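Let's start with one chain on its own, the form predicted alone, as structure tokens.
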């Protein structure tokens, strides 16, 4: 926990002395964590449009959940930083600002009419200490239910009739009896962490969620009946997934649903991109719902950041990139490939589908939205939650008391 903070301090001190002497090539390094077919298809939309402005994209990708923050800082330290990077951690932007390396976007987005058309949840996510510092790329709900319609029909269940998680679990016996996996779940930390945060939001509501995941968490919320109830749900899902779950990536997990081996997956709505890439049709082959009985949804805003290089050509490339990223037409095309929803309320809706419309309808109610911890929480805190959620999920003998004690100890060390 303290290692990350120490690294941040060290690298940023070094950054201030290395950037000034760094030479910049004509190619602009674009650093991100997207590598799945749907993600690559979305990036291609932006890359090709940007190329028409005369800019050359040098791709630099690392796997999701493999230490993107640390890698970004290491590149800065090494004197070869990316001019454009994908990152939503507000702490990164605060640290860059302190070193004069941040690129504010408020004036740019005001001038092109973007700011006034960002939904409140998007504007909140991209604003750091009163200034827009991120260019929003996508809007995601972290815990939607995507299901295979053919499996549902074969098992005799109707997910759209479910009013609560109890209804969902009650239907799983029929699904098992019909020979299908009730719920597909992936095995790495981020997938389990996203499931837990989606369950806390949907079952326990915004107050409990924000007290646990907020910028300044409330220690007293850790040991409450509500948090223990969410852990119970988390364990129930672990008990209903298949033995192949450990170490399985999210898209391979989605493929179990796509290919009719599993009924459903509760994960980010980027799942849809995989269904689309597999030529499956929404409404015929698959469909989507919010978690039944949901009180709140967790909103993720994937965003781009820019590094101040003191180079006019790079600054122009960054500005063109930011404009394209939030263009109402291009962004709609981008999110369609990605499996996400647009970042602007005035986006081109021509090609939006029923799942997009469900997301946008849900986001009309600001009282039912909470932010992904990536966008607001201390990195040490949410990464500790990831670790403890992983331990709890992976060891059926691990008790609620052990989870609570571990989080209380972590709180005392971090805050």
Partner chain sequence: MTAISAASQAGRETKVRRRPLIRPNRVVIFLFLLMAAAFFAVPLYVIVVTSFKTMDQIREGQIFSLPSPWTTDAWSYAWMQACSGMNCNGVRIGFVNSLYILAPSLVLTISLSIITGYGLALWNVKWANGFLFVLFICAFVPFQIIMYPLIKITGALHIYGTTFGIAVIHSVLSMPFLTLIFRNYFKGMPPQIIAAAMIDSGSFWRIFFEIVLPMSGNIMIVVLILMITGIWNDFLVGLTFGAQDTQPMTVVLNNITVTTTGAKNYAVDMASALLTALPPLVIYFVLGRFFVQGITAGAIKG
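If you superpose the two forms and keep the largest set of C-alpha atoms that fall within 1.5 Å, you have the rigid core. Numbering follows the first chain given and starts at 1. Worth saying up front: this structure is predicted, and the values here are computed from it rather than measured.
If you look for the form predicted together with the partner chain, you will not find it shown, but the lines that follow are about it.
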query	finding
Option from 74-82, 317-325, 90-98, 109-117 whose residues, in the predicted bound form, bring a heavy atom within 4.5 Å of the partner chain	74-82
Option touching the partner chain, based on a heavy atom within 4.5 Å in the predicted bound form, out of 259, 236, 311, 345	259
Contacting member of 61, 349, 387, 56, with respect to the partner chain in the predicted bound form [4.5 Å, heavy atom]	61
All of 193, 197 and 372 with a heavy atom within 4.5 Å of the partner chain in the predicted bound form	no
The partner chain contact at residue 47 in the predicted bound form, heavy atom, 4.5 Å	yes
The partner chain contact in the predicted bound form: residue 43, any heavy atom under 4.5 Å	yes
Close approach of residue 290 to the partner chain in the predicted bound form, 4.5 Å, heavy atom	no
4.5 Å heavy atom contact, residue 245 to the partner chain in the predicted bound form	no
Contact set, 239-254 vs the partner chain in the predicted bound form - heavy atom within 4.5 angstroms	249, 250, 251, 252
Core fit, then residue 48 C-alpha moves 2 Å or more between the shown form and the other one	yes
Threshold 2 Å Cα movement between the shown form and the other one for residue 338, core superposed	yes
